[in-house]
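So this first bit is one chain, no partners, the form predicted on its own, shown in structure tokens.
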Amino acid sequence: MNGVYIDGRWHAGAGAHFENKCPATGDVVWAGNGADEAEVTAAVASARKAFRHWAHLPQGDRSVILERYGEEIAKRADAIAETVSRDMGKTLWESKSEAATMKAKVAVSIAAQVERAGTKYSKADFGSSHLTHRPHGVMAVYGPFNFPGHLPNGHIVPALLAGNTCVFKPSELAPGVAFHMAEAFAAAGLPEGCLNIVHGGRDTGGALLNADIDGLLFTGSASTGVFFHKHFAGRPEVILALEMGGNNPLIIWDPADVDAAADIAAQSAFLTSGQRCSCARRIILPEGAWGDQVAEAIVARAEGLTIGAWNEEGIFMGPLVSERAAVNAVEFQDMLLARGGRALKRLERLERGGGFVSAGVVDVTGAADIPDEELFGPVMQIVRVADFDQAIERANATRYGLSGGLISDDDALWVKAHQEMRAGILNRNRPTAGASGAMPFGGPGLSGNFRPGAYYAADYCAWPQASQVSDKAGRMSAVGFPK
């Protein structure tokens, strides 16, 4: 297969060879060479050349092309869904939802572009004042494996709408969907060079990081995001938009329906096999009989989850993205237990091999030195506290701040949580694992650099330009100024 897409044409890369195996079957679903440094440089140069024309097109013309892209994505929805599922193991019903979200992103992005990065005009004594927005230039987009279509699409679409051009490096763990995206953009009439694609691993990513780019748009781990932030220290001319996950808390408090609360908690923790940056990692419950009931109901749901391959019917959870990810999940659970955690239900490797694991629930109340880390897998930590003030304190005891939630019927508790919990996405009586594309997506702390995505992506894809305009040059006057 081909690993480099430059000027609208695919060719085999000259970089390192790599393969991607379906974590459900072990079949090789992508194989090829990544881009080497010279090819990355050529991709950026192609995007730079295309930028000169693309940035000067009227906003309406760019919007029309992106709308056509959305329609082309819809035509390829089934192929996109199957590719995503085969690449990283996600259930087919989830991958179909991801493909639909990719199409929907276009309309949301056009609305956001108009509202947040559009034009304004006002009259003044001297003539008029104008607010316009200008694109940055060439944007590097790094894609994650968990939503290999939706998340990079959420950077690329608003970036192109604003007049930027893009060089996209897909995750080497889920590379296949990039082909369908390129095909859809070409069919929509996107000029050659506006989107170039460089497959590969760390070497390819490093070459793109050091290339002549004007911005880096990233969704992924905190460690990688912090590395990027340090790399561009002292270079404020390069725009960085970093979304880096979270160690997300979900408080469950009486009064609430026990079964409904357990449903929401299980959805929050185990959706996409725990491989969403908005998944709840820490469930905070009150001490006492009511909290015991909720914990028991959560364990019952974890035990009843249907697990299987993407093409099996009635499956809630697929495998983790790789065998290594499954090993990491077991090792993380073992660490929690070694530090005093108590397994209410163990996560275990399944006999099917590959990335298959069951869901795990560990009570870490009173455990020592539990690290404030995000595990991308179906391991739920439960913490018991004496009162609601302690619940808020524990919820905020994290370096992250992406998502959080409260399950309770008490309005006063919601008011307190809404005021005091530190999370960019804060839900009540709803799962944490999900967000609206018509709202911002991001949070404080290690969850990002205060450049939220989704509806607010328009903010980091263009910079504002303020102008005072007079039709004729007039004489200036000021106190002490010569006549």
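All residue numbers refer to positions in the sequence shown, first residue = 1. It should be emphasised that the depicted structure is a prediction, and the values quoted were computed from it without experimental measurement.
Separately, the form predicted in complex with a small molecule exists; it is not shown, and the next lines address it.
Picking from 178-186, 327-335, 139-147, 354-362 the stretch near the small molecule in the predicted bound form, with a 4.5 Å limit on heavy atoms, gives 139-147.
Proximity of Ser278 to the small molecule in the predicted bound form: non-hydrogen atoms within 4.5 Å are present. Using a 4.5 angstroms threshold between heavy atoms, Ala433 counts as touching the small molecule in the predicted bound form. Proximity of Leu151 to the small molecule in the predicted bound form: non-hydrogen atoms within 4.5 Å are present.
In the predicted bound form, the small molecule sits within 4.5 Å of a heavy atom of Phe441.
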